[in-house]
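For reference, the chain that follows is the form predicted on its own, supplied as structure tokens.
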Amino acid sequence: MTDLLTPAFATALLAGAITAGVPLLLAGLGEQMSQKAGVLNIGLEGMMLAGAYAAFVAAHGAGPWAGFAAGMLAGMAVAAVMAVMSVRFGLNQIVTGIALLLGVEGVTAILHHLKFATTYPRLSPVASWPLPGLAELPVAGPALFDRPAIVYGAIALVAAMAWIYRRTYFGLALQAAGERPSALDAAGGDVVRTRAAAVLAAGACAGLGGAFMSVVAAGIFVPFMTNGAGFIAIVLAMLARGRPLMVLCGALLFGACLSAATALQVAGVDAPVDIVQMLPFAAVLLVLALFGQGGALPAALGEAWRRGDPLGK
């Protein structure tokens, strides 16, 4: 037990929580915007996986920032299909999302095999940006304040999302599209465009989250490497009830669970691997049991919108 109280364990746990939590944070923020607009984006993990593969290929040839840009574009490309099928044509959002996820899993696995069948390249570590004065703090300094710039950008996105939801017309339009799309239409807003914009933004965030996984966290791409992260992000968005700060807190919690194995190894604790790997999913069930009853999801979430129906059914 004393090994778990050492600074090395605390630093490893915090650093691991950030590394594993940033993809969940980015994808969760994107899913939150999509859900606010009334679109349940089950294909989020497929967008993350597409972003992870595209980012790895681009970063391998042109550096990490090219990888991040490619990851966002790949996520948006998958999201565009979701927007056309579910928003424009009103097809079932869950079925469309699952189909996209399965399709992206197959396509990325094939492309990876064709391009890297005989070689297994690894990317160079992404340079960190230590914050003066803070990076030298004990325990928290190296874990929190000596990170790549994209980490700080992801945290800044939390504040930006909160401002958009509270202070902008687009934020009000998102809420109306998810709660009462007919009211947005009557006020002169475009429900289809608002929902499509939210889905594309979700794809960009999810693609960037996948890019972080392959370029920063792992330095490699492995087929199916998201391993359920997209579904955890969907749960985070649902539990956050429209509050970006709660997505951040949940991402750090699940990130800590995901990084527990590494932190325990640093502390010299020989814990069963299977039990440690169960922690994130056990945490999901526990959080759902404790907090899943409160609040309400948008009234029109998952419903196709058509003029003449209060909820767009």
Partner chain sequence: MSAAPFVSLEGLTRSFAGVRALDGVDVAFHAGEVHVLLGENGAGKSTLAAILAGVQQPDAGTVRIDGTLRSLSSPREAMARGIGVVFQHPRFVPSLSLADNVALGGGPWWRRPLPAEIARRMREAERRIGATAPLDPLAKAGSLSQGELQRAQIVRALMRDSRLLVLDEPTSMLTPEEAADLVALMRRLADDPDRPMAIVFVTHKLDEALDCGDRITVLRRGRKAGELRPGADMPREAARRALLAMMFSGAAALAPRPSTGVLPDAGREILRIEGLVAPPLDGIYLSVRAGEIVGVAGIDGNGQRELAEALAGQRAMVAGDIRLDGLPLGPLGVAARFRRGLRYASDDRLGEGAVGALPIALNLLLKRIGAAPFWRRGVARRVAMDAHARAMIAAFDIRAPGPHTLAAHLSGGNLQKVILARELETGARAIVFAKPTHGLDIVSAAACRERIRAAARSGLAVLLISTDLDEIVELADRVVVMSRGRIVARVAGGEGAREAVGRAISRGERRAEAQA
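Numbering follows the first chain given and starts at 1. Predicted model only: the values in this text are computed from it and were never measured.
Not on display, but discussed next: the form predicted together with its partner chain.
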item	value
Among 145-153, 68-76, 205-213, 183-191, the region lying within 4.5 Å of its partner chain in the predicted complex by heavy atom distance	183-191
Ala176, Leu157, Leu123, Ala197 - the one with a heavy atom within 4.5 Å of its partner chain in the predicted complex	Ala176
is_contact(Ala135, its partner chain) in the predicted complex, heavy atom dist at most 4.5 Å	no
Leu172: touches its partner chain in the predicted complex, heavy atom cutoff 4.5 angstroms	yes
